[in-house]
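Consider the single chain below, provided in structure tokens and representing the form predicted on its own.
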């Protein structure tokens, strides 16, 4: 496959899956502009490293890996700056009229380490198979299963502690 054919393939893939990419980036930063910046940086990185895509069958895992790494890098670079959109702020502020039952779960997920958060998002929010997550993260399936179960255990413990408080 020629380089221009790879460019076209990546371009089509990105356009077809732009909502999923935005959702994944947004889940890390909880901010529209930052999520769009992450996607833009990811696209630039993907196009610059298009030669590293040897098998086009792995396009999804290859691009998700770039997107995840870019999201985690963004979080590390902007640790001290937290930009929150009004909708997110409204969502987290207490409301006397509306009870939000899942807020503890979202808080608990946000408090996980970026690697743990990645597993939860990919498996349960993006509905990606463990086999594909293993390819994206470059580890074997058993490692993913072990880390996923440990993360779920940690989430459960954190949620139970919040309920007791």
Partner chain sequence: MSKLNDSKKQYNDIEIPTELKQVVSKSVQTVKREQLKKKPSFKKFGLGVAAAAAIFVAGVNVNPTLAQSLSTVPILGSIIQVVSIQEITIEEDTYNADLKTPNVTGLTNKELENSLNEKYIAENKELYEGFQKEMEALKEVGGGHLGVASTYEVVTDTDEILSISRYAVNIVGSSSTTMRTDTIDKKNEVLITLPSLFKDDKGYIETISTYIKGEMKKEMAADEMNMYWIAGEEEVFDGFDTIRPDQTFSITSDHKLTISFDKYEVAPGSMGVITFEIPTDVIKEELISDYYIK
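Residue numbers count along the first chain shown, from 1. No experiment lies behind these values; they were computed from the predicted model shown.
As for the form predicted together with the partner chain, it is not shown, yet the points below apply to it.
- Within 4.5 Å of the partner chain in the model of the complex, a heavy atom is found for none of 29, 141 and 150.
- Using a 4.5 Å cutoff between non-hydrogen atoms, residue 113 does not count as a contact of the partner chain in the model of the complex.
- For the chain shown alone, residue 37 is a contact residue for the partner chain in the model of the complex, at least one non-hydrogen atom being within 4.5 angstroms.
- For the chain shown alone, residue 135 is not a contact residue for the partner chain in the model of the complex, no non-hydrogen atom being within 4.5 angstroms.
- Taking non-hydrogen atoms only, residue 48 approaches the partner chain to within 4.5 angstroms in the model of the complex.
- Contacts between 115 to 142 and the partner chain, taken as any heavy atom within 4.5 Å in the model of the complex, involve 121, 124, 125, 126, 127.
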